[in-house]
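The chain below stands alone and is given in structure tokens; this is the form predicted alone.
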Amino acid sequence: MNRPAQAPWLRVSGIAKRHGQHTVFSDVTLTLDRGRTLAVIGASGCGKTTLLRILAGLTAADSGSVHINETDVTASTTQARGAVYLYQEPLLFPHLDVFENIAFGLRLRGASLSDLKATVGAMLSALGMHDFARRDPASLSGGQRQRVAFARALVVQPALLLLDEPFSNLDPQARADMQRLCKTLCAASNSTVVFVTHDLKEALVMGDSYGRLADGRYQGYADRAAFCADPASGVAAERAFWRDDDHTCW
């Protein structure tokens, strides 16, 4: 007996946004299953951040709807949606140490002291930062601060995690480390993620499915193969650039 298909965790229907006479985008429609990561690529200024802000409930769309777990959240606050938005800058609380920064959302939700210690301790271990628990944010490197910010976002098990080019300010090695860590922790927690970036390689690393914003339009791709097959994605051009006579770099 076949089971009925599970409804998508995130369903966006006909979202449109204008700033004055300028159309940021129109008719953005997409779905995302629970535990999956949608990587959305687009040039600076194409509307990636605006789309995330609409999904988070921080900006109102001019039209369209957003459903999370089959609930219409179009008019709901960020907190009511259970969404967490992570910016490019870590934005840690300077008066709190690493442990308390990560624990902040759990304390707001009334977690017991034992659960809080166990959850934050496990997250610190996963980050490789257990020895940094009582350090001030100012004493951390950029990559370490972003790890803490990511942990604070993920530890509350958000219904939807929205990542706005969160690793773009890191050096190449720290960026690669954070990409791997993000994938590992999101998979372990079954997180549903929308990740926006202008970097093609990062999109390919992070995504399970893919989207592209350009010229006010959104194009979705069900999987990596479909994304790579579209000449507009830029994958073929990037491969051609790096290919020499005998080897392909990626």
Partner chain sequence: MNTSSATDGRLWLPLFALLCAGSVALALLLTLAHSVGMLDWPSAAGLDVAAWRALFTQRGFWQSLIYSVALTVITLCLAVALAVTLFALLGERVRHGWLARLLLLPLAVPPVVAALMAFTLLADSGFVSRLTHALGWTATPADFPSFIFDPGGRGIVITHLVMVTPLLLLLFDNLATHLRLAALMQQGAALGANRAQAWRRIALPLLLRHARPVLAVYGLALLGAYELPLLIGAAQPGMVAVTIQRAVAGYDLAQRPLGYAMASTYFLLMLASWAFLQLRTTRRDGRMP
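As the structure is a computational prediction, the values presented were derived from the model and not from experiment. Residue numbers count along the first chain shown, from 1.
This next part talks about the form predicted together with the partner chain, which is not shown.
Undergrad: Just one stretch in 88 to 96, 124 to 132, 176 to 184, 68 to 76 has heavy atoms within 4.5 Å of the partner chain in the predicted complex, so which one is it?
TA: Stretch with heavy atoms near the partner: 88 to 96.
Undergrad: Are all three of 193, 217 and 240 close to the partner chain in the predicted complex, meaning a heavy atom of each within 4.5 Å?
TA: Contact check failed for every one of 193, 217 and 240.
Undergrad: Which pick from 198, 53, 34, 224 sits with a heavy atom within 4.5 Å of the partner chain in the predicted complex?
TA: When the partner chain is considered in the predicted complex, the option within 4.5 Å is 53.
Undergrad: Is residue 136 close enough to the partner chain in the predicted complex to count, meaning some heavy atom within 4.5 Å?
TA: It does: once the partner chain is placed as it appears in the predicted complex, residue 136 has a heavy atom within 4.5 Å of it.
Undergrad: Does the 4.5 Å heavy atom contact test between residue 108 and the partner chain in the predicted complex come out positive?
TA: Residue 108: contacts the partner chain in the predicted complex.
Undergrad: My question is simply whether residue 58 lines the interface with the partner chain in the predicted complex - judged by any non-hydrogen atom within 4.5 Å.
TA: Yes, residue 58 lies within 4.5 Å of the partner chain in the predicted complex.
Undergrad: Using heavy atoms and a 4.5 Å limit, would one call residue 83 a contact residue for the partner chain in the predicted complex?
TA: Contact check for residue 83: yes, within 4.5 Å of the partner chain in the predicted complex.
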